Structure formats: structure tokens, C-alpha cells
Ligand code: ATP
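Okay, here we've got a single chain as C-alpha cells, the form predicted on its own, with questions on binding and movement later.
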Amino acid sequence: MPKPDPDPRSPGWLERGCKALSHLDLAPQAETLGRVVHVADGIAFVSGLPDVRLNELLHFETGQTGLAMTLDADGIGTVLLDDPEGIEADARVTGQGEVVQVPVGEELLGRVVDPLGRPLDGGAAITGESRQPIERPAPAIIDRALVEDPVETGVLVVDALFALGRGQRELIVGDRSTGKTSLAVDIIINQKRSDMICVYVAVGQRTTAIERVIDAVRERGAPERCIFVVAPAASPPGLQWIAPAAGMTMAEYFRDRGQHALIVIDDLSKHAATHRQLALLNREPPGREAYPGDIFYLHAHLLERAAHLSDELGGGSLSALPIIETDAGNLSAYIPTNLISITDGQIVLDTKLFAANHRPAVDVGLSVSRVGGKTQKPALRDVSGRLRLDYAQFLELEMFTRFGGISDRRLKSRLARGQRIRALLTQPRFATLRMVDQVALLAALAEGVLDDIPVATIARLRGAVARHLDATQPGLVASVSESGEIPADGYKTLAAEIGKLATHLAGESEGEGE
């Protein structure tokens, strides 16, 4: 590097100076500055910035960011997306016309990130293929295809009675500690047998509960095809508020490329409570149960983004499993009724069934899928047609048996059949079933093979069925798994194999008892 001339007025100094200045981009720049009026509870009120738009990203001089949530004549209500420490009154605020964006792409697979795409797993920073806004319009009706392909959950009570389709929105609802997250995690784990990308969004959950979910998926599922978007209870309310929308944007990347994705939002009751908190702090007028008037729009706009796209747009799908917590089983509360009306069905979990060790504790009377059998494979649809009716009749009949014994042989046989249906539908965690295994078990039930088998044997039967069928009927298993159809005599073949296995297991149990 040449040394500077000792005398600035040496020959040629003016030419050299002009040449150096010619590389500078000198132009007038206008910058609009705002000021923090006061800050508290994750909300900063900002004066100035008359050109700021709703949901625009604001930058504080201390390095934090915020989201313009309300625009008033005398200021802006800003939701902070970072720790507010260091932000004080009179701090400078600038807006650059940006909206909240998150990185999207395959680089996110297998990672644990916050709603802004920042890593929480100690890994490298994520750049992504591109950045997309968290608020995006839902696909138009003309851009959607029929919901016909199944989401195989591996949970017999769901696949047989309340089948889910790719592009469907199915609500999981129940009181606290009834197995809502456990059911969703089992469905995520079962996707290791499919081509679906899974996005788990934790909103306001305890850190220990989130860690258990991540560990379960990493141990038993396909974590390399999962994204974990985490906004725990200790995170700023602003991050919890944008978490579901951020997870949707990350999942839409795969849908728009013709792939299939599943998003689990755990849970929207805490998201609604966060929205109420921020709205009241921003002085928005309260409505029913103190929720702001736009709470229905907020969740409807979010869940409408789940869809099965038409073939012209690639045929990809995004399925949604939002979770909602009820209080004392009250499904008629404001948020549960909103979400029930928005979604395509609900899986209701019952506290009494959970306490009676019936897991998953699905209430078959209140649960429904508004798509249902249209998405079931033909083989499963044929054997599950009367299952719900038979089980409902059994539950009603069982209630009357509490008043006294029943001597009628026909009623006794229906009670025995119902007890075996209940035993089949009781399924432990992390014990998902393939579709062909479900078909075999239900075929055995329909053929009466299980009627003389002790109820206690059915749990062992369910755990051994996959291994037995793979060893005895590999051709039929492969055919049913690939096509979803089964020949007329295939049901009897599968039922006979289940009968042999059940007899063998029952004999072993008797031998152990002796």
C-alpha cells in the first residue's frame, strides 16, 4: 500500500482525491425515525413513523425487532420478537418496509428452530433456499383438488373410524393430560413409512414437554424429514404469536414443490390466549371471553392454508392437525367452537376413558371426520364399515348391564364382541400399525375369529401381527400394501392367519399360568 504524500498539496493530489471519491455512492438519503414512548409486557408503544404498515417489521437501536400490530393516530403498538432488555423510553426505532420472513428449504429438515428460523439445537445458522413471509394467502378454491389420498396414522381407531386425508384439517381436542400430544406424535412417527414431511410447532409449551416430543421422534421416527418450530412458554409473546404462521410457511415450501407435508400445531388454545393478551395490551376492544373480534379470522386464515393442490400446481398437499385444550370437557366454549367450525372434523379425547386406561382415549360418539371413507384404502374401508355402529351399540348396551345381569345369549355375544373391539382399539404409544395389519385384525374380528379368544390375548396379538404376516403371507402383504386392495378370498386368508396366531398366543398364556 503506497504511503500518503507528506504534503497534501504535492503534485497530483487533487486528481488522486477525485479518483478516490468517484467510487463513493454519494446521494441524499431520508430516514424516518420513531421513538419509544414506553415499553412493558412485551409491547412497545412507538411514536412517529407515519408510513409504517400493519405487520411491518420495526428495528430498535438496541438490536431487537418488533411487529407493528396496531396503528393508532398517535402511535404504533409494537409486539416485540426479542427480549426487551435494553429497550428504554426515547430509544430510536426505524421501519424499512419489511414484513416478517422465515427461511424455507430442505436445510431446515432435522433442525430445531425458533419461529424466525434461528437455530435452537446448537447447529449452524440457517440461510435456506429463500425467505418467505409468514403471512401468505390461502390457495383459491379453483387451485385445490379433492381430498382423496389417506394420511396413514398407524392408530387403528383413527384410520378405521375417522380416516384423515392429505390436505385435510382435523382438530385434536380434549382436556389437559388426555393424550392429545401423544396421539399427534404417534402420527408423526408413523410417517417414517410414508413420504410426508412433518412440521411440529410448539406454542407456549413447557420446555421439558417439547424435549420429550423431539426425543421421541428422533428415537422412533424419521427426524431427517421433520422440522421442529419451538416457541416455549418462556419465549417472548410475539414469538409465540407468529409461530403457527411461520410453521405454515415452512411446510408450504414442500407443498408448493409437489411434495406432501403434515403440520401439527400444539396448541391453538395457548396461541389464542397469547393473541388475547397482546390485543388487550394494545388496547383493542375485547369481545366474547375478552378475545378480540378478529380471533376467528386469525385461525380461519391460518388453517385455510392447508390444502391439496391441483395437478396443474404440482399436486402437493399440506395437512393440518391443530390441537386445542378444553376446560372440563366443554366443547361449547368460544375457541373450541370456532375451531370445530373451521376444521374438517375433530378427534375428541375423553378424560374418563383416559382414566380407565383406554388409550388413545378417543370418544367415538363425539369424534367425526367430514372426509372419512373417501380417503380410506378399499381394503380397509370394506372391513371397517360397521365397526363404529357396532362399537356404539356395545357402549350403550354395556351401560344397561350395570343395572343387572343379562341372560339373553344374543346380547351376551354382542357384549363379548364389543369387548374385543375395545381391546383392538386400545393401542399403546409408539406401537403404530401398518394398513395391512389393521385390515387383518378387523377381518378377523368380522369373521368371528376373535370371539373365543381371551380379551387379554388381544394386546399380545396386536404386537405380534406384523411379524407373523410377514413370515406367512409375504406376497399378500406386499400386494395389499402397494395397491390398497385385496381379493375377495384375501380377507378369509388374513383372518385365518390371525386365528392361528391368536390360538398360539392363548395357548402360551395358559401354559404360563400353569
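Since the structure is predicted, the reported quantities are computational estimates derived from the model, not experimental observations. Note that residue numbering follows the sequence shown and begins at 1.
We do not show the form predicted in complex with the named molecule, though everything after this point is about it.
Enquirer: Which of 359-367, 338-346, 134-142, 113-121 has heavy atoms within 4.5 Å of the named molecule in the model of the complex?
Expert: Only one stretch qualifies here: 359-367.
Enquirer: Please tell me whether any heavy atom belonging to residue 429 falls inside 4.5 Å of a heavy atom of the named molecule, as the geometry stands in the model of the complex.
Expert: Yes, residue 429 lies within 4.5 Å of the named molecule in the model of the complex.
Enquirer: Using heavy atoms and a 4.5 Å limit, would one call residue 175 a contact residue for the named molecule in the model of the complex?
Expert: Close contact exists here: in the model of the complex, residue 175 approaches the named molecule to within 4.5 Å, heavy atoms only.
Enquirer: Using heavy atoms and a 4.5 Å limit, would one call residue 325 a contact residue for the named molecule in the model of the complex?
Expert: Residue 325 belongs to the contact set for the named molecule.
Enquirer: Flag residue 179 as yes or no: does it have a non-hydrogen atom within 4.5 angstroms of any non-hydrogen atom of the named molecule in the model of the complex?
Expert: Output for residue 179 is yes: heavy atoms within 4.5 Å of the named molecule.
Enquirer: Under a 4.5 angstroms heavy atom criterion, identify the one residue in 354, 291, 296, 394 near the named molecule in the model of the complex.
Expert: Contact check passes for 354.
Enquirer: Under a 4.5 angstroms heavy atom criterion, identify the one residue in 412, 374, 206, 283 near the named molecule in the model of the complex.
Expert: It is 206 that has a heavy atom within 4.5 Å of the partner.
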